[in-house]
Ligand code: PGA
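Next up: a single chain in structure tokens, the form predicted alone.
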């Protein structure tokens, strides 16, 4: 992530259904992103739309990322996308370990292989970690610590600065959320994640890694999350498909100063 800019990543998931709608949405978002001085915006569309959207990138404030990739460069992996294919389109950011991929059966070992492959190919893996539920005994902290530790295993130290880490509490995702994740919850986990990173990497290397939040981010909660939890950006799902909502999130994030930790 360049400089001190906040990083806002839009994960379109399996939306929209048509290329023309994807292009219309991207052009509108690109125009909004161009207005922001303190934001780097990354759009992660479905794979079939990467080519046409990449051709419409102008400037550096709004770029294209990928939702997933395989750890092998090529081979007999039906339905998969390789780093070589993504790099051919100039893709830098790739989501790794999203909760929906984990729900499909993606293991910590697979997440680790993808993260290592992305780093070694000069990409920036966006590592998502988070618990499925919270318990009164605090075991969810161990879940997040183990996800980070296993994902980082074997990572070349000189490439660690390219990792983006995202706290994504599954229980707070809008599609099945009973309660939102409060800024206090996020701050608590942010502090914990920093401790885990310090233990793994040392304070200097750990300090270089941006920590974002993902989980039902919307215009109503974006400002409070940045101001009260210290995260330096978001991964936005549903709200990124609505130009007005996403533009408002960009505007809020552009103006807000993160809580210093």
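Numbering follows the first chain given and starts at 1. Computed from a predicted structure; not experimentally measured.
Just so it is clear, the following notes concern the form predicted in complex with the ligand, a form of the same protein that is not shown.
**Student:** Counting only non-hydrogen atoms, choose the one of 132-140, 155-163, 74-82, 92-100 that falls within 4.5 Å of the ligand in the predicted bound form.
**Tutor:** Every other range fails; the passing one is 92-100.
**Student:** Though only this chain appears here, would residue 215 touch the ligand in the predicted bound form if you measure heavy atom gaps against 4.5 Å?
**Tutor:** Yes, residue 215 is a contact residue.
**Student:** In the predicted bound form, does residue 149 have a heavy atom within 4.5 Å of the ligand?
**Tutor:** Heavy-atom contact with the ligand at 4.5 Å: absent for residue 149.
**Student:** With heavy atoms only and a cut-off of 4.5 Å, decide whether residue 182 touches the ligand in the predicted bound form.
**Tutor:** It does not: once the ligand is placed as it appears in the predicted bound form, residue 182 has no heavy atom within 4.5 Å of it.
**Student:** Whether residue 231 contacts the ligand in the predicted bound form should be assessed with a 4.5 Å heavy atom distance threshold; does it?
**Tutor:** Close contact is absent here: in the predicted bound form, residue 231 is far from the ligand, nothing within 4.5 Å, heavy atoms only.
**Student:** Only one of 44, 33, 235, 226 gets a heavy atom within 4.5 Å of the ligand in the predicted bound form. Which one?
**Tutor:** Looking at 44, 33, 235, 226 one by one, just 235 meets the 4.5 Å heavy-atom criterion.
**Student:** Since exactly one of 117, 173, 189, 111 fits, which has a heavy atom within 4.5 Å of the ligand in the predicted bound form?
**Tutor:** For this set of options, the contacting one is 173.
**Student:** Heavy atom within 4.5 Å of the ligand in the predicted bound form: which residues of 13-29 qualify?
**Tutor:** The stretch 13-29, when checked against the ligand in the predicted bound form, contributes only 13 at the 4.5 Å heavy-atom cut-off.
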